[in-house]
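This document opens with one chain alone, in structure tokens, the form predicted on its own.
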Amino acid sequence: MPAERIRDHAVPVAAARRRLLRADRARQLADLLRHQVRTGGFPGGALPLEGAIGEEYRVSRNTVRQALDLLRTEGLIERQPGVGTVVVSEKYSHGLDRLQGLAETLHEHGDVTNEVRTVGPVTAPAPVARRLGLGEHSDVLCIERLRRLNGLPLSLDLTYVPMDLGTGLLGCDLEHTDVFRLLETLAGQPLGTAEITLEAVNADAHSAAVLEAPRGSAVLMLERLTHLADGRPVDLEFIRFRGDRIAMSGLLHRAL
């Protein structure tokens, strides 16, 4: 490349570097430290001293402090007198590459229990009936459960199931068993596939109160339509996860 063209490219590159503000560096550092927190990268849950973090990541101490403030605001860490900065909230990894119930997904992290808040037949709203392949004004079983992991509120699940399977669910132990396992038993075949949508939404007053989360805080909304192996849709769910306690993960393969 001619020297003139090299010099032409050097000017915008230098300008871009100057535009990288400390707030940008702090956010980038917080992302790296958050990963360390989530994957158990700090033995004993204690973070290194600010100076050591700054030296490792080649940033100023002020940038380190700003990054730690971001994680502290998220409720992941706190500074304890005489101890230092420690991890106070663990995020659990929820895999998205396998079709599993919550207890199956998080079994390595502890006990998942269900508080059944409502359960009973309702007339399916039109969008629910369409997605479950039911006729207009069909009844469905509606279940709302608060899911806890090791006693801490983790998700608020709203589930719709066609009544031919829902009637059987009414006599099942919904407090200690994933709906997925029960549906496979009642249907006499395994589940096959699921369509999912994941987005961040603000917690409404009811969801925030049930999940014991600050009102208006962000929650992860997982919308999932699950089909039996024969293709029949049997489970439509709207699941609100506390964003400070769950992280979605998966293994993706590139296909051209």
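Start at 1 and count along the sequence shown; that's the residue number. Just so it is clear, the model here is predicted, and its values are computed rather than measured.
What comes next is about the form predicted in complex with a further copy of the same chain, which is not displayed.
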Could you tell me which stretch in 164-172, 147-155, 108-116, 123-131 has residues with non-hydrogen atoms within 4.5 Å of a further copy of the same chain in the model of the complex?
123-131
Indicate whether Q100 is a 4.5 Å heavy atom neighbour of a further copy of the same chain in the model of the complex.
yes
Distance check, S60 to a further copy of the same chain in the model of the complex, heavy atom within 4.5 Å:
no
Is G243 part of the interface with a further copy of the same chain in the model of the complex - any heavy atom within 4.5 Å?
yes
Non-hydrogen atom contact P48 with a further copy of the same chain in the model of the complex at 4.5 angstroms:
no
The unique member of L191, A187, L68, A213 whose heavy atoms fall within 4.5 Å of a further copy of the same chain in the model of the complex:
L191
From first to last in sequence, which residues of 234-252 have any non-hydrogen atom within 4.5 angstroms of a further copy of the same chain in the model of the complex?
F238, R240, G243, A247, M248, S249, G250, L251, L252
